[in-house]
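One chain comes next, on its own, written as structure tokens: the form predicted alone.
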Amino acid sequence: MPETLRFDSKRANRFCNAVFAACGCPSAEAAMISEHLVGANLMGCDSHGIIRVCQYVTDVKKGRIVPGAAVTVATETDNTALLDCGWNFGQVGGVRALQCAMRKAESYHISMVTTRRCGHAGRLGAYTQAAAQQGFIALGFCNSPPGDGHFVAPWGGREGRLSTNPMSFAIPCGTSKPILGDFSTAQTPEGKLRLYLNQNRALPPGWIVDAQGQPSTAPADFYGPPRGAILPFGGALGYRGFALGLLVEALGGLLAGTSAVKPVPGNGLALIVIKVSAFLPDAEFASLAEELRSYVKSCPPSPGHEEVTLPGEPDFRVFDDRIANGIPVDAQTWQQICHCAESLGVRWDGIAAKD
């Protein structure tokens, strides 16, 4: 088997859909989760793509995820809501939260929706991107309680006390692609360490420390035992990443009534959605955003760079390439996914044979 395989996104989507249907997901929710994972791979976010299939199936088998569970409104006002996701898949809770936030922002100009008892929500930028494509400015924050891994050491520490706590924003730009920022407040998401481990590659310096607090480039030193820790984003200025991680913890967890200490699973999402036309006409904002884009892009590139790239531009270019040439998956990860699917009676060759 070659070290790297490539898969057509539509086939990969059908395969994942079949896996989640075999887990007991209603058809619409299985499609929602599959599209999200494959979409993450298409955007180059492989750490949150189909590599998560095994994690999700294991969580279902352990009862940490409840397929088809109702997503209900715990509390709400005109422009805020707290959703109880019933331990359904995080993508189901995330999409419901986004739909709620956009609906409220449409009526009341700005909204904020948070979640609790929500599974792993996947690529955070998928939610802000979807809102921007509907003409909203959106901000997203996502925490994890200790049950799903406090991997990130606080500034000056050597043991995990926070999750990788990503944040995202998306700014609509009329008919152009949105400006899309999506990043961990740690040096790396844990899923990327998993990819490096599967691919037997050394990590870039400055990402992790081992259990003794010593810098390491070996993924196994993070996983242990004993476990190491991921460092906060920023290198020598990592106290800034640590500060942002605490902000995400407050918005994604504490505000939803989720303890930062109790070992529960899942993610806490917070989505803020802003209706542009509450401030000025959509067309005027789009013109100003395009003016900003052009002005920033006009900057002469420094040595070693071909151009100035805006947040999201590399991701959209990867999307175009992978739609045309397929999604790359390393052989080790693919074997793990196939083994997991076969435990549910789903085989890749059966899906591929349908073409």
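One-based numbering along the sequence shown. Computed from a predicted model, the values in this text were never measured in an experiment. Basically, rigid core = biggest C-alpha set you can superpose within 1.5 Å across the two forms.
What follows is about the form predicted together with another copy of the chain, which we do not show.
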item: Partner-facing stretch of 44-52, 324-332, 29-37, 305-313, counted where any non-hydrogen atom is within 4.5 angstroms of another copy of the chain in the model of the complex; value: 305-313
item: Partner contact for Cys299 in the model of the complex: another copy of the chain, 4.5 angstroms, heavy atom; value: yes
item: Another copy of the chain contact in the model of the complex: Gly213, any heavy atom under 4.5 Å; value: yes
item: Contact of Leu197 with another copy of the chain in the model of the complex (heavy atom, 4.5 Å); value: no
item: Distance check, Gln91 to another copy of the chain in the model of the complex, heavy atom within 4.5 Å; value: no
item: Another copy of the chain in the model of the complex reached by all of His150, Leu237 and Gly241, non-hydrogen atom within 4.5 Å; value: yes
item: Answer option from Cys100, Val264, Leu203, Leu82, heavy atom within 4.5 Å of another copy of the chain in the model of the complex; value: Leu82
item: Residues in 256-282 close to another copy of the chain in the model of the complex, defined by a heavy atom within 4.5 Å, in order; value: Gly257, Thr258, Ser259, Ala260, Val261, Lys262, Ile272, Ile274, Val276, Ala278, Phe279, Leu280
item: Core-superposed C-alpha of Gly157 shifting 2 Å or more between the shown form and the other one; value: yes
item: Core-superposed comparison between the shown form and the other one, Cys100 Cα displacement 2 Å or beyond; value: no
item: Per-residue C-alpha change between the shown form and the other one, Ile208, threshold 2 Å, rigid core fit; value: yes
